[in-house]
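Quick setup: one chain, the form predicted alone, written in structure tokens, and binding and motion questions come after.
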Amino acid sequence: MKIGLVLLLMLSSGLMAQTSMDSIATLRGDMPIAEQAAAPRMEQVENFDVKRQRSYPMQPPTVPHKIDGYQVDLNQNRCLTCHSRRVTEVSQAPMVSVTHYMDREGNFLAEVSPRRYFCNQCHVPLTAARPQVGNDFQDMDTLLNSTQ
């Protein structure tokens, strides 16, 4: 009797696990795990040089132009050739935020802080790629207007 009950429980839990595995949505779609899908097409980077609206306070601005081949390493930062405070008058590019010239204690530095030197940690270019998963994100203005 106990063996039959244990077998029944094992069988039913195996069926439930298989049912739950079948209902999990993944970015792989119906591609078997042992197979490799073809790589998706690379989307074109937007190159409009237009300042974009930010979706939430303190959001890092996105990069409104192509940065392919920009060198950003310990020896050189291509972004700063246009965006450092010394050259913005000539380049007409927006200067990096004053927070980028501050150390951890809030002291102002003469040069960009080493912790803010690698721009692509926060600032990214955008593409026209369609979202791979659904998204119901609402920006701050929409949220504030919906509560009034």
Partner chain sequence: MRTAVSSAWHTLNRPSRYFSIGFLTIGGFIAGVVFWGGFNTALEATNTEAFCISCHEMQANPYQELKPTIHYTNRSGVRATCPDCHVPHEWTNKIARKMEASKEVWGAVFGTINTREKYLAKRKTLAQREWTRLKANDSLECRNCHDFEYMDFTRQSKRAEQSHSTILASGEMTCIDCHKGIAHELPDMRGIDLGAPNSDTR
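Residue numbers count along the first chain shown, from 1. These numbers were taken from a predicted model, which means no experiment stands behind them.
The next section is about a form of this same protein that is not shown, the form predicted in complex with the partner chain.
Taking H65, R116, R52, H123 one by one, only a single residue has any non-hydrogen atom within 4.5 Å of the partner chain in the model of the complex, and it is H65. Using a 4.5 angstroms limit between non-hydrogen atoms, S91 touches the partner chain in the model of the complex.
Although the partner is absent here, R104 lies well away from the partner chain in the model of the complex, with no heavy atom inside 4.5 Å.
In the model of the complex, the partner chain lies farther than 4.5 Å from every heavy atom of E35. Contact annotation: E111 falls within 4.5 Å of the partner chain in the model of the complex, judged by heavy atom distances. For the candidate spot formed by T26, M31 and A129, no residue has a non-hydrogen atom within 4.5 angstroms of the partner chain in the model of the complex. Interface residues of 65 to 96, taken as those with a heavy atom within 4.5 Å of the partner chain in the model of the complex (partner not displayed): H65, K66, Y70, Q71, N75, Q76, N77, R78, L80, T81, S84, R85, R86, V87, V90, S91, Q92, in sequence order.
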